[in-house]
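Listed next as C-alpha cells is one chain, alone, in the form predicted alone.
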Amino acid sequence: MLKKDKKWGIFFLAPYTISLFVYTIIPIICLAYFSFTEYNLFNPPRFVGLANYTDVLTSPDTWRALRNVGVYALVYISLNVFLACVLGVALNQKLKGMKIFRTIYFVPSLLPWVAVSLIFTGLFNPVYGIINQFLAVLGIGPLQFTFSKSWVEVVSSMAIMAVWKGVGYASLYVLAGLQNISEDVLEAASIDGAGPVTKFFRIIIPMITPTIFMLMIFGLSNSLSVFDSFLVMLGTGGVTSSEYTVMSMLIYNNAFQFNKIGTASALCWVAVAFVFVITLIQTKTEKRWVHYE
C-alpha cells in the first residue's frame, strides 16, 4: 500500500518537478553561464571571463537604471504601504455596502499594465490631462509628469501610477492583518481618550508591522521587475532618453535589441545582487520595528 501511494505521489509531483527544472533551474544555470560569455544568438558562445561584469559595472546606464529603480521603489513602497494602511482601516468598518467598496478598490489591480499606461499617458498630459486641470483649480501646476525632462519627476510619476493600480490589492493584506487585532484593545484605547489618529499610529500600525514588512518585500520585488509601464510610457509619452531606463528595460534592450545575451545575463545578476543587499538590510532591521506578538 505504501509503495502504491509513493508511486502516485511521484506521479502527481512529476509535472511540478519537471517544470521547476525546465523553467527555473536550467534557465538559472544558463543565465550564469552566458554571463561569462559573448553570445548574440547567432554565433556559439565565446568565454570572456568577467568582461561582461566589468562592462556592466562601469557603464553609466547601469547605475542610472539602479538609481531609477531605487527612487521608484522609495516612492512606490512609501505611498503604497501608507495608503494601503489607511484604505485597509477604512474598508474594515462595519458599514452597509462595504463589500462593494472593497471590490471597487480591488478592480484596478486586475487591469493590464498596458491599458493602465495608455490611460495615464492621457491623464499625465501637461496640456489637456485631467490631473493638471484639477490641479489648476487648486492653483497648482501645470506639472509635466512623464513628459518632464527631470528624471525624478518621470520616475516618481510612474511610481504614483503603480500605487493607483496596486493599492487596492495591498489593502487586502492590511485588511487581513486588521482582523487579528482584538476589538477590546481598540475599545480600551477609546475609553482612555485615544482618538482615531492616535489609535491608527500608536495601536494599529505597530500591530500590523508584519504585514507592512511583507508589503515592503513585495514592493521591492515589483519595483525591480517593473517593465510594461515604462516601455509603454517611454514609447508614447515622449520620453526616449536612457536617463529614465530601469533595470528590466536595460536587460531587455541588451538581450533583444542589441543581441548582447552575455551583457543582459550579467545585468540580471547585478539586479539580483541589488535586491539581495536591500533585502538583507531590511531583514537585519526587521527585529527593531516588526512585532510578531
Partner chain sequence: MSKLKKYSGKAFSVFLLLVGAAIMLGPFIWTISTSIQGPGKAYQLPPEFFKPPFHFENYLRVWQEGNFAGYTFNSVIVTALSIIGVVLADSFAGYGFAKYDTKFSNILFLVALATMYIPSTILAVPQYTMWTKVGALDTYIPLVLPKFLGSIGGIFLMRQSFKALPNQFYEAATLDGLHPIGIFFRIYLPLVKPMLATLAIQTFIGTWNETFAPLIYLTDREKYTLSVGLLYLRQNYSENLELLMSASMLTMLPLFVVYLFAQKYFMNGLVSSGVKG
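Numbering follows the first chain given and starts at 1. These figures come from a predicted structure and were not determined experimentally.
Just so it is clear, the following notes concern the form predicted in complex with its partner chain, a form of the same protein that is not shown.
- The chain is drawn here without its partner chain; in the predicted complex, the stretch among 68-76, 201-209, 175-183, 137-145 whose residues come within 4.5 Å of it by any heavy atom is 175-183.
- Contact annotation: residue 188 falls outside 4.5 Å of its partner chain in the predicted complex, judged by heavy atom distances.
- Interface residue remark: residue 231 is counted as part of the site for its partner chain in the predicted complex, having a heavy atom within 4.5 Å.
- Its partner chain is not shown here, but in the predicted complex it comes within 4.5 Å of a heavy atom of residue 87.
- Its partner chain in the predicted complex is not approached by residue 283, whose heavy atoms all lie more than 4.5 angstroms from it.
- Contact check for 104, 125 and 248: all three have a heavy atom within 4.5 Å of its partner chain in the predicted complex.
- Within 4.5 angstroms of its partner chain in the predicted complex, the stretch 245-260 places a non-hydrogen atom from each of 248, 251, 252, 255, 256, taken in sequence order.
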